[in-house]
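Form predicted alone, single chain, as structure tokens, below.
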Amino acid sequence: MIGAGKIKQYSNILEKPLSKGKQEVSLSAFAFLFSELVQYNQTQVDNISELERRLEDAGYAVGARVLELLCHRDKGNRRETRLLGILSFVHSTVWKVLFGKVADSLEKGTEHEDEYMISEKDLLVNKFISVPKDMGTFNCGAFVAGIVRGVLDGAGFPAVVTAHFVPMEGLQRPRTTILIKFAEEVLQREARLG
């Protein structure tokens, strides 16, 4: 046979190497699955804040697993120990794996020393969602906030992470800002490390 390569057969799935392989998921499959997640959780709650909390909890589980995968695959089981290192890891590496690109911006809060913001003009989870007027300011970005919180908690940087809409002049839709407010212990540890 011309062009047929030799394919190594594995007798057991555990013998198969952990390679990067194809890392893409169909956008339509993700959109369908995510909409089902939102609809299911919507039937289980009484208010918008509880729905956002449930989406954040679902995202938290994803974030914890993403951290484990990326640390094993890309960093040789090493984890970030510095605040700016973990923020850069989330802003670039995690975002690229999840959304195919680096986040639009990473900024330090001007009012509080413990706040950082990751902003995205068109967050994927909000892209195909139309929110009815009776749901007010419901933000599916709570799922991504949960992912970020899962990564940060797993890496030893506990934080409160929330998603907010920020209206932008000239844009039809508001951008989504993921607000990260680190626990006091993280800032104290960072000060000790110098």
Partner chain sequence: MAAIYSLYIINKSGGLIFYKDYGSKGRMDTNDSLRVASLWHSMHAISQQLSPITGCSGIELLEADTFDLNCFQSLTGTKFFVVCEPGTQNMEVLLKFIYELYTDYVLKNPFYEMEMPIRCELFDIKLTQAIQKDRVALLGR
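Bear in mind the structure is a predicted one, so any value in this text is a computation, not a measurement. Positions refer to the first chain, counted from 1. Between two forms, the rigid core is defined as the largest C-alpha subset superposing within 1.5 Å.
Not pictured, yet referred to below: the form predicted in complex with the partner chain.
Proximity to the partner chain in the predicted bound form, taken as heavy atoms within 4.5 Å, picks out 26-34 from the listed stretches 26-34, 141-149, 62-70, 156-164. Although the partner is absent from the chain shown here, Asn126, Ile129 and Met135 each have a heavy atom within 4.5 Å of the partner chain in the predicted bound form.
Proximity of Lys181 to the partner chain in the predicted bound form: non-hydrogen atoms within 4.5 Å are absent; the residue sits far from the partner. Although the partner is absent here, Gln39 lies within 4.5 Å of the partner chain in the predicted bound form, judged by heavy atoms. With a cut-off of 2 Å and the rigid core superposed, Asp46 has a Cα displacement that falls short of the cut-off between the shown form and the other one. Once both forms are fitted on their core, the CA shift for Pro167 between the shown form and the other one remains under 2 Å.
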